[in-house]
Every structure is written in structure tokens, then in C-alpha cells.
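Quick setup: one chain, the form predicted alone, written in C-alpha cells, and binding and motion questions come after.
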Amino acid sequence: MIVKDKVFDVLFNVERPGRYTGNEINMVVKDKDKVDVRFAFCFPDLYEIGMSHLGLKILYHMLNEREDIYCERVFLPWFDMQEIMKKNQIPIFSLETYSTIDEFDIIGFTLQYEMSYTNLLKVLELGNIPLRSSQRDENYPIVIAGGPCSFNPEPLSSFIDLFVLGEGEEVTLELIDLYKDYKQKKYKKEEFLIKASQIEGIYVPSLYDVLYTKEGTIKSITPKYSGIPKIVKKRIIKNLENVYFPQKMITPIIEVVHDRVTLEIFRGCARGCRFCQAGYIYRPVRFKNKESLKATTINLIKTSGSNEVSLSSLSTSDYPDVELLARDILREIEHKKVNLSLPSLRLDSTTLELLREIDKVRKPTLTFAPEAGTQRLRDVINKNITEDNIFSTIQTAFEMGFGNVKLYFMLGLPTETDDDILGIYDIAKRIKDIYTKTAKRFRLSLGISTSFFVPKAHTPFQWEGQITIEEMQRKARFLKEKLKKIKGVDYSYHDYYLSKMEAVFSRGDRRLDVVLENALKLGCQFDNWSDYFDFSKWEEAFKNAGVDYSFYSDRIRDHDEILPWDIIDSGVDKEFLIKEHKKSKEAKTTPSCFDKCSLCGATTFKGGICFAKV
């Protein structure tokens, strides 16, 4: 029985069978036997999560524009489906042709969060693909990975043949062209990998030796052969006007997390928050043209049938004339009963008026991310926002009838004291006071949410340690007790143990491969879902591997220590990051790229706003 028949025979026994049927609007159909390269785009999580990811849709449609490539999608099945697949000997399959993943030439994973790493291994296991790259010869697909977590690829380096660093539109096509040559001439896998390493933006971990000191830190990272790059530089698209963007998008037939058309309006962020990895690895800032964005919106609404459009970026307010763009798009879509959403919007009186215009019936929840409770700590993290900014906007919002407010903070930031935590309480109390004095026409909904600081590679805080789990618990309890004094405040915080594991893998090295294998054997998967995350299993995985996880998460590192990700050039100089780290100790801020060039190094890409400044 072929895989498709087996799958359809069992679907009536699983939750949400639409996850496994494919055949959505705009799904690409090709004859798999008439293409040169078959590419499996694997999102290592549930269908509903993966189908909300814009990068998947861009690369899926871009690769399928070429007649010689067929890109199909693979998602990790939920537990109930995995159990039935195991019982009925059904390997993991693609949604387009129900092919098993060993039938593909290239398996490409996107790495959006560290706690998806065991999911990635589970996909390979369900496909009967050996986990380790060294166990896969020319008879197996090439396994590649990209996405933000690939900026510290080392924990996965034993499993992935090569990593794509940076923006994938150009480099993925160059890699596939090389693969066609490899497939036609039938040369050895290692020869292919050596050739691939010559493509800018490709990192092949098996081509490097890593030595360690007796203290456990890295002594050296050196190429095994001459000609292999000592440093691998990420790729960017210099001019976003020339980059591919689909004019129609695959549209799910079941509800997914973000059930809408997403329109990317620019890449990069100019703000320079010192904890934020995305703010550094996506530099420089590059904008898309307003007219082309409007035209794309109209096309996507026509071809997808979606009833919501979202303008996506790291900081939507930084798009020039974003209010004008939003109103132009709104005029095009509102008579079609299509909604517009504006995430990552910096709030002021103008944007509040815009939000009120967008949603005339219900007032959306206003979200602020001060990140820290005091101005001193906000200066430490270079979060250029003041309490006056927050309170004046809140006052205007209440006067306009908005009543739902949510604020995001981080606990455990470098140099944080209990006074900084008390500052969070003070902000919440002040907002409640403003509400009491300003607006009594509606009931206030005030939410306070905290996460725990996770040091990330390629940021000024990459040398900082994370606080212990016990200290996380103490800080969260301390704040919770304080906030109890304010009636009506809803407080939530991120899982301590999950935050700890994120810190381990965000700064880990290749010796964590055994830990990941152990965790998989112990049943760890879907770890990003707190209901299914079991810290005791992870503790056992570390113990069995003889690895102390606090070595990776808690330890403060010296500026001269060789870091696992030093092999990668994100475009931001290490000297700049050290300078920023030192400035944080003195609570000195750095202006955004819009105000002044801080000479971070991103000008070497010769694109975006920083290139325009030199």
C-alpha cells in the first residue's frame, strides 16, 4: 500500500486530520519524476505553527517557480499521529506527494527556536534517516538548516550537513545549482560539501576541527583543509526591491496560529537593544517600496482568500510613512471585509488614531515592551523608551476609549536589582492611577508578562550569564507578591526551566550533540510547548552525557574567550559588541541607526540605510 493510502486509512483516528492532507489553496502540484532536484522544506513543529511562518511560504513558492525544482512541505506530526504511524509502519511524509523524506535530494530545516532541536531529530528518526551527518553517505539526502538559530549552529553540527547563514533567497538557489552538478557527476559527498563551503553564506561544520582547553572552553576552531573559509559571512539581499516575494501564497484549509496574509515591509532593526539577537543578525535595515507593497497586497488578497493582512517587520513604526501605507492598504481592502493588523507598532497618538480607525468595533489590546522597570536598567539594555513615553500614550489611549493594556518585561537582565523589579510594580500602579483619574467608562484590563533573560549569540550580552533557576523563582515570586497589591492586574511569567534550556542551547557548542540524542531517546519533543516540556528528562539527558548545563547557561565569559559561533560573521564586528557591552555596564545608551551611524560594521554589506549614510 502506498503512503497516501495508509495515511488516509488512519486519519479518522487522529486529532485535526487536516494537518496531514495537504491540497490547500495554492499548493504547488508538479510531476516529481520530471524535476532535477526534490527539496523537502521541513518545519520541525506542528502544521499550525509552520504554516504561520512567512519564510516557509517565500522559499516554498520561490523554489517552485523553477521548473527543475519541486519543493514540498514536511511537518512534525502530533503525538497521536506518530503513534499510529509507528503502529502502521508509515514513515514521515510530504504533504504534496506523500513521499517519504528519504526520497528527496535535499532536506531543509528552518531553525526558529532552540527548543525545536529534538523535533528536528525526531523528523529524521521518523524518516529512517541516520541522525548524524557522518552516518549518511551519498545514498541519503543532503540535510541543511537555516534561520536565526543557525547563527550558533554548533549544538546541531553533528546532525546537519551544512548551514545557510542569513537570508536564503539567493544562496539556496546557488546551492541547488551546485547540487545538480553533484547529482549529475556523482562525486563524493565530502567533495560536494567542500565545494558548497566556497559559496558565501554556507557553513559546513564537518570541515572544521574544534579543540578544547582543560577548563572546557574552546581552544581553537580551524579548517581541516586549505581553502576552507576561516570565517563564514552571512548573506543578505542588498536591494529588497529585487528580491522574490510570492504574489500568491499557500493558504491553509484548517485554522493555524496566524491565519492571515503576511506582508514583509522591511528587514532589519535600527534600535540596537542589547539583548535582542534579531536586532543584530538582520542588519542592515532595508525597506520595500510602498507602491509595490500595495500591489502585492491586492494580489495576495485576490489569490489567497484570506480575510486579514498583517504588515510584518521587527519594528513596524520605523517604516517611513507607515500610517500613510496602512491607510492606503486599508482603503484597498476594507470594502472587501478584509482586516489589517499592525504588530510591532510603537504607540503614540498618531498610531493610536490609526488603530482606532482600523478596528472600529472592538478596541485591540495595546502592547508595550519597556523590558525593564527603571530608566537605569532600560539604559543598560539600550531600550530607548522612557516612562513619560509610556504614560503619555496610556493617558491618550484611555481618553480614546482603549481599555486593554499589556506590558512585557524581562527578569534577570544584567545588573538588575530588586529596585528594578519594584519599578515594574510602580509602572503598573501608575497606569492604574491614570485609568482611575482618566477613564471610568470601561473596565481596565492590565496584563503584566515577564520572561527571563536569555543571553544570545552575536549580541552585546553574549558574554553575560543567566541567573540560576532558584533566582528566577525568587524574582518572579517577589514581583507576584507586589503586583497582588494592585487590583485587577493579571501577571504571567515564562517557564523557568524552559528558559534555562533555551540559554544552554543558544550558547552551546558541539559537545551538546550527545545531550540532544539522549533527550530524544527519553521522549523529549515539542519542548517549546510547556505542557509537554519535562525538565527532569533533560536533567537525565545531561547527566547521562556527563555534561553540566550551567557551564553553558550561567557562566559569564571573558571578552577574549573563543566563542562557539566565532566562526560566523554576522556583519556586526565583535569589537563593536564588546564596546556596547562595556557601555551597558555604565548605563550609557547608543542612538539608533536612524539618528547616527555607530559604525557596527554592517556597512560592509553595501546595502540598506547604513550604506546610504556613508
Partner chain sequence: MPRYRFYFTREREQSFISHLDMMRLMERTFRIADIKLKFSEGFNPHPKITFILPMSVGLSTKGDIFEIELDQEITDEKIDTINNILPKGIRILKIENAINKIEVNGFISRVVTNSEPFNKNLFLKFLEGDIIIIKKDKPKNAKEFINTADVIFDKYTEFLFDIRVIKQSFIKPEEIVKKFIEDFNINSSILYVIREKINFQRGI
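Positions refer to the first chain, counted from 1. Model, not experiment: these values are computed from the prediction.
Unshown form predicted in complex with its partner chain; subsequent notes refer to it.
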So which of 277-285, 477-485, 144-152, 329-337 is the stretch with heavy atoms within 4.5 Å of its partner chain in the predicted bound form?
329-337
Would you classify E399 as touching its partner chain in the predicted bound form, given a 4.5 Å non-hydrogen atom cut-off?
no
Taking the shortest heavy atom distance, is T21 within 4.5 Å of its partner chain in the predicted bound form?
yes
Although its partner chain is absent from this view, report whether T367 comes within 4.5 Å of it in the predicted bound form, heavy atoms only.
no
Is there a heavy atom of D259 lying 4.5 Å or less from a heavy atom of its partner chain in the predicted bound form?
yes
To verify the annotation, which of these, L522, I385, I254, L178, has a non-hydrogen atom within 4.5 Å of its partner chain in the predicted bound form?
I254
Selected contact from T351, S315, S306, S158, since only one has a non-hydrogen atom within 4.5 angstroms of its partner chain in the predicted bound form
S306
Residues N13, P17 and I301 all lining its partner chain in the predicted bound form, heavy atom within 4.5 Å:
yes
